[in-house]
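What follows is a single chain, given as structure tokens, in the form predicted on its own.
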Amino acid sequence: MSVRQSLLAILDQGPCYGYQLRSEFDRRTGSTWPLNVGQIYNTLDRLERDGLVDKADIDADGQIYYEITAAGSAEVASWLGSPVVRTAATRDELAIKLAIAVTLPGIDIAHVIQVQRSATLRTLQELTRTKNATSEPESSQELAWMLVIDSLIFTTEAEVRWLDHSETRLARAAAAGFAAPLPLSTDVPKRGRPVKQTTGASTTVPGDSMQTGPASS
């Protein structure tokens, strides 16, 4: 999720201060991805550093307003006019968890999948109830919230399908006899983080048989 571009897009509508930006972001996304005010101001500092926003007026309450620069407006236009690139290298905790689990001894991978499927189905049910309890949108704010809910539902449904597919694939692998645990490789890199050297003690570098220390008398 690009907090940077989202805040810039809001500032493109007019100057805002930090808490106001947080409120606007929540209002426009249905509070699905709440931001803390520290994250807001850290992002504003980086945007100012990059010449995309400037500090503007200070109101009677001491709130500092930020306004977008021409370069900032150009970045917003570029963001809105470009696709979101989803690379194959994006880390997904669930995929990593299953990938590691299937290589470990003594792990009931079918149970791991079953536990996750139950949790994902509960999430799907909650999202569906939320959507069904929401009337058809009658404003852009309600439409924005509905788009977010639809996205979450489709993503959760895809996760359920992937879990079903993974369970089938693992069952075939087990039947074929190539789902055995993966032992640690003996072919390991020779480099590693050196042990911190202390006075009067020997220091061993992982992968190196040499030791350094005080010379024998």
Partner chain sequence: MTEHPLLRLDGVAMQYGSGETAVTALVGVDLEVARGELVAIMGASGSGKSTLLTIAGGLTQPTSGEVIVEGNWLSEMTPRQVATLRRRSLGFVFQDFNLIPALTALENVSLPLELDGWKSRRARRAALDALAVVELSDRATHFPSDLSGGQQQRVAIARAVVGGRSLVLADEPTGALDSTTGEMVLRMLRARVDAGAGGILVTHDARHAAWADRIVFLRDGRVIDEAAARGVGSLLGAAS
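Definition used throughout: the rigid core is the maximal C-alpha set that superposes within 1.5 Å between two forms. Positions refer to the first chain, counted from 1. Remember, predicted model here, so these are calculated numbers, not experimental data.
Below, we refer to the form predicted together with its partner chain, which is not included among the displayed structures.
Interface residue remark: Glu136 is counted as part of the site for its partner chain in the predicted bound form, having a heavy atom within 4.5 Å. Though the partner is left out of this view, Phe154 does reach within 4.5 Å of its partner chain in the predicted bound form, counting heavy atoms only.
By the criterion of a heavy atom within 4.5 Å, Arg117 is counted among the residues contacting its partner chain in the predicted bound form.
In the predicted bound form, its partner chain sits within 4.5 Å of a heavy atom belonging to Val160. Checked against its partner chain in the predicted bound form, the candidates Asn42, Thr32, Thr69, Gln63 yield a single residue with a heavy atom inside 4.5 Å, and that residue is Thr32. Residue displacement note: Gln116 has its CA displaced by at least 2 Å between the shown form and the other one (rigid core superposed).
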